[in-house]
Structure formats: C-alpha cells, structure tokens
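Next up: a single chain in structure tokens, the form predicted alone.
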Amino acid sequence: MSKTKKGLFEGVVSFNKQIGERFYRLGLRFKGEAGKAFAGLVPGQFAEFDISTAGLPACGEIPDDLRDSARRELLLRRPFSFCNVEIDGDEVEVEILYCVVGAGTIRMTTLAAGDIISVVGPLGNGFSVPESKSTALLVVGGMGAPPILHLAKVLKEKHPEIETVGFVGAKSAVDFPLEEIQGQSKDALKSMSDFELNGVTWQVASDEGDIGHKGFVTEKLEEWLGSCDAQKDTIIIYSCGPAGMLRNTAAIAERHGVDCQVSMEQMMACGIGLCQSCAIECKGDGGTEYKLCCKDGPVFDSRDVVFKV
C-alpha cells in the first residue's frame, strides 16, 4: 500500500515525443511539494491529468476516425499511470506512455516543452514486493506496459536479488507502445523473439505473429512456469493489460500455485473514490463485494478479483 501523499499540483512538460503512429511518450517535471510527492511514487499508482486547456491539432493532423469525437468538450480529468520516474535533487521527472484514442489524448499531442498541466496525484495503491520472493514474472498486454516498465526499473534498482523475467504481448507489432519495437524494420520484427528493456529480458508475443511468438503472451508465461524448477511460493507474477489477459494470467497463477498481483483498468472519473464509477467485483466472506479501482486499487491480488468470462 502506498504511503505517498496526494495533492493538486502543476507539472511542466519537458518533452512530448511521438514513438509510433498513435503512441507518444510524455515527460513532466515537478518540484517543491509536488516533487516530494512524486518522488515517492509506487509502480502502479496513477494521476488524474487536466487536459482541457490543451488545443486540438490542425484538422489534417486528426485521424479520420477521431474527427467528430475530438471536438467533444473535456469535462473530466484523464487517469494515467507512469512508466518511469527520475529524481534530480528537489525535482522529479515522471514519464507516461499514451495512445491517441479520443478527445483527451488527441489534445495531448499538442503539448510542448514548457506547457503546464494540472495534476491530481499520486493516487491509488501500487504493486508490493513480498520479502519471500526471489523471482518476479512481469506480464504485459498492449497499453498495460507503463506501470510494469516502472516496476521493472524499481526491481532492478531496489531488489537486484530478485530474478526478473518479462513477457509482453499485443495484437501486432504496431500495437506495442514501446519505442524499442516501433523502431524496428519488418525483417527485424519477424526474427525478434526477445529484447532488453529496463534490465529485463522480455519474451515477445503477438496475436498476428509478425513479431515473436504467434499467440497470446499468457501462453509464454504458462510455458515458462511449466518448465521452471523454482519453488512456486518464491515466485510472484505482476500483470497489467486487457481484461481477458488478466483473467488468463490469474487462472495460470492459480493453477501453478503462484502469487499474482494485477493492475486493473476501469473508467476513473474522479480518481479519489467519490464518483463510485470504477467498481471492481471482488470475493468477500459472504459472497462478492465491490471495491473501487481508483481507491482500493488499481492493483489487486488476483485471487480477490471476480473476473468476467
């Protein structure tokens, strides 16, 4: 559970770099009280961004499928998790990965160095690292990459004794929000089975088979667990991605008797538990109960979540 103190802060954009057709990497710098708050950011936590003051790109730069929706008025903040945190004295730079999917994210593409964004955070509860674990398996699906990449870096820096193995999947090569994959040629993609990122060797899978293993990334996870000699109670799985992938990951963890933490994704309008719009069905003593993704999560023990079939 996080001990960071949340607040309403202003961050200054340091860069906004396009890394794919619709993928961007945004850097934001905080100092003072904001710097102190985000210096304690736990992988898996998030923040709510106010993007209402950002302008729209030129009409010709808006994808055809977003022409109508892009003009909607922005009333709510947008939640984003973080893929990296760098501490420089009393200043902190955080980075997010985002995909252009609607009215908010299309406006984010116009942000430039020096622009100011209002941010509420850090919010929610992130991943935890039990002392008894010696192996961490990181399972990523598509835009579930940011909090897992942050976790990979923290494990490398603060828990070097833990062996870390990564599994990353997406529909096809162009759907990976990772610069290391987006920049590869088609020939390289076909032969690319794993790569180094944040000190972790990642096994790659794609539904279409144009990069790495053809099939679901959870197939590579189960293959690894089936062939490993380590005691299962020394292994922990961390996962973030589409609901179906999380459901499969949780099922694999249960079959193999391995602990698993999942970062859930829901629409989080307020981010602080007031609007009650992000309910997650969980197992309780007397049946099922509902917890809030923004306040009780977004990271949950996979055994506590009721996954929809």
Partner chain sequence: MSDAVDISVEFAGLKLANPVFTVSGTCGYGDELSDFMDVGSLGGFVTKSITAEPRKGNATPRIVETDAGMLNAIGLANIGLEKFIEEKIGVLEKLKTSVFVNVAGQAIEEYVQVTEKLASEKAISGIELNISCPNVKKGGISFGTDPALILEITSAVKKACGNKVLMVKLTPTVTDISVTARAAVEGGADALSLVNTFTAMSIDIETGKAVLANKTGGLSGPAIKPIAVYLVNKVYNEVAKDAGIPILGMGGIRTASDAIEFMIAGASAVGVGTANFIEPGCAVKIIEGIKGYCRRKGTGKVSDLVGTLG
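These figures come from a predicted structure and were not determined experimentally. Residue numbers count along the first chain shown, from 1.
From this point on, the text means the form predicted together with the partner chain, which you will not see here.
Undergrad: If we take heavy atoms and a 4.5 Å cut-off, which stretch out of 221 to 229, 172 to 180, 71 to 79, 157 to 165 is in contact with the partner chain in the model of the complex?
TA: Going through the listed ranges, the match is 71 to 79.
Undergrad: In the model of the complex, does every one of 269, 274 and 279 come within 4.5 Å of the partner chain, counting any heavy atom?
TA: Result yes, every residue of the spot touches the partner chain.
Undergrad: Even though the partner chain is not shown here, does residue 295 get within 4.5 Å of it in the model of the complex, heavy atoms only?
TA: Although the partner chain is absent here, residue 295 would touch it in the model of the complex, with heavy atoms inside 4.5 Å.
Undergrad: Would residue 290 count as a contact of the partner chain in the model of the complex, using a 4.5 angstroms cut-off between non-hydrogen atoms?
TA: Output for residue 290 is yes: heavy atoms within 4.5 Å of the partner chain.
Undergrad: Can residue 97 be called a contact residue for the partner chain in the model of the complex at 4.5 Å between heavy atoms?
TA: Outside the cut-off, so no.
Undergrad: Classify residue 6 as contacting or not contacting the partner chain in the model of the complex by the rule of any non-hydrogen atom within 4.5 angstroms, answering yes or no.
TA: Contact check for residue 6: yes, within 4.5 Å of the partner chain in the model of the complex.
Undergrad: The partner chain isn't shown here, but in the model of the complex which of 106, 120, 85, 197 has a heavy atom within 4.5 Å of it?
TA: Among 106, 120, 85, 197, a heavy atom within 4.5 Å of the partner chain in the model of the complex occurs only for 120.
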